[in-house]
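We begin with a single chain expressed as structure tokens, specifically the form predicted on its own.
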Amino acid sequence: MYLGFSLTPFGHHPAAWRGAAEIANLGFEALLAQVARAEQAGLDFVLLSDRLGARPVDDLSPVATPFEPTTLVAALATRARRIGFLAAAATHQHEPYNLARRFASLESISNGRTGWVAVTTGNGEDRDREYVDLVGALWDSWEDDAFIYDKEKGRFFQPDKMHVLNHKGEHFSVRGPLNVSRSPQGKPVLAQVLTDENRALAAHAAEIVFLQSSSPTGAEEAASDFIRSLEAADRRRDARILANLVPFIAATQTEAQALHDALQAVEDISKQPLSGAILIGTPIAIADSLQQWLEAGQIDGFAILPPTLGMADLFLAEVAPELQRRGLIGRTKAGSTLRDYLNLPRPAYPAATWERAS
């Protein structure tokens, strides 16, 4: 079972901030403390969804972290060294060369523990596909052994292993190359929050998809549909399918239900940009549900969207250890990159057909 932890200052419920004791929860050290607990609990990655690219118009969401996601990942990755990071960035908000460079830099800083949640527009599939393919090609600017640092011969890199992109497409013209070496894990992991609008692009390129279905049955149906989309795109079952999950947890079922009802009476969590199935119960009941869900079908794991910080602590302190006791998470990881954590293959360097530097 693969597990991610969505990072917010107060919790994923829009009313959670009302019960929080400290405004300091918005600060870096408080966010780092959450990441450290997720790392200690054996989770695979932290998700920074950044409201899926929705910029504030006349509100300031208490659900979003106040930091730009890739900047925050750069800082967190230097302090938490055994967990991965996925950061959202929208294709309509960033120039592709700069976005590719930013994530390539994160790979160097984190030693290969990051990924990009590609937020697309939904009304320009051709543009989004060109953008995603372009960023991936920029990440291949250098072969793995391009930098040789030969002081005697004065050779910093091998020119024939640098590949200038010279991309001229319908929507973008980018020369390249990046000025960042190839990632320790080949490339950052590419993820998407699955929608009807981006299904074809996700089937083409995504290595992780997040399902926002409101029930286990709905998530199973969405997973099966996506697997058919993978097959139609001539891909094998090589993507991780994770269901978003909002767990309301308490010592008793009655208490958990009461906490859910109290928060929902203030604001409706289903209106958040990032949503998922709601589970209500004790830590053991939540662990039972996750195990049954995993064993039932096509889901590979879950992105945990804790509604409050208190329930985040309960999940990490009681549900995660129970999942470890059952052997579902926490097994010794074979490597140190995000791909290792998620058992995703390291992408081979593409055949060098691009223009070579002279």
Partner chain sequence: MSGDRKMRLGAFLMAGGHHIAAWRHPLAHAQAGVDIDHFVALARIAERGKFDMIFVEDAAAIRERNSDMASQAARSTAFEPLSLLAALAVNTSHIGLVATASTTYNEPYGLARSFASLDQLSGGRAGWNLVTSASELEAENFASSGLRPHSERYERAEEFADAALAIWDGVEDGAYLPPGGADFTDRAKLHPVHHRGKHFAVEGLLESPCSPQGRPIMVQAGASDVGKELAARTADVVFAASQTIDEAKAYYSDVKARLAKYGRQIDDIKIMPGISPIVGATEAEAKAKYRALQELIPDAVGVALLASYLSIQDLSSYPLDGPLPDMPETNLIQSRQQLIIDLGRRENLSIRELARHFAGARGHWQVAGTPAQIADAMEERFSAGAADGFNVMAPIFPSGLEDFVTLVVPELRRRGLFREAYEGRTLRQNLGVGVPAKR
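Remember, it's a predicted structure, so these values are computed and weren't measured experimentally. Numbering follows the first chain given and starts at 1.
Another form, the form predicted together with the partner chain, is not on view; read the next lines as being about it.
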| item | value |
| --- | --- |
| Close approach of D261 to the partner chain in the predicted bound form, 4.5 Å, heavy atom | no |
| Distance check, S181 to the partner chain in the predicted bound form, heavy atom within 4.5 Å | yes |
| 4.5 angstroms heavy atom contact with the partner chain in the predicted bound form for G301 | no |
| is_contact(R155, the partner chain) in the predicted bound form, heavy atom dist at most 4.5 Å | yes |
| Residue (of A30, L294, A36, L52) lying close to the partner chain in the predicted bound form, criterion heavy atoms within 4.5 Å | L52 |
| The partner chain: the contacting residue among L201, L211, L72, A277 in the predicted bound form [heavy atom, 4.5 Å] | L72 |
| Stretch in contact in the predicted bound form with the partner chain, which is absent here, among 157 to 165, 237 to 245, 186 to 194, 223 to 231 (heavy atoms within 4.5 Å) | 157 to 165 |
| Any residue of 60 to 83 that, in the predicted bound form, places a heavy atom within 4.5 Å of the partner chain | L60, S61, P62, A64, T65, P66, F67, E68, P69, T71, L72, A74, A75, T78, R79, R81 |
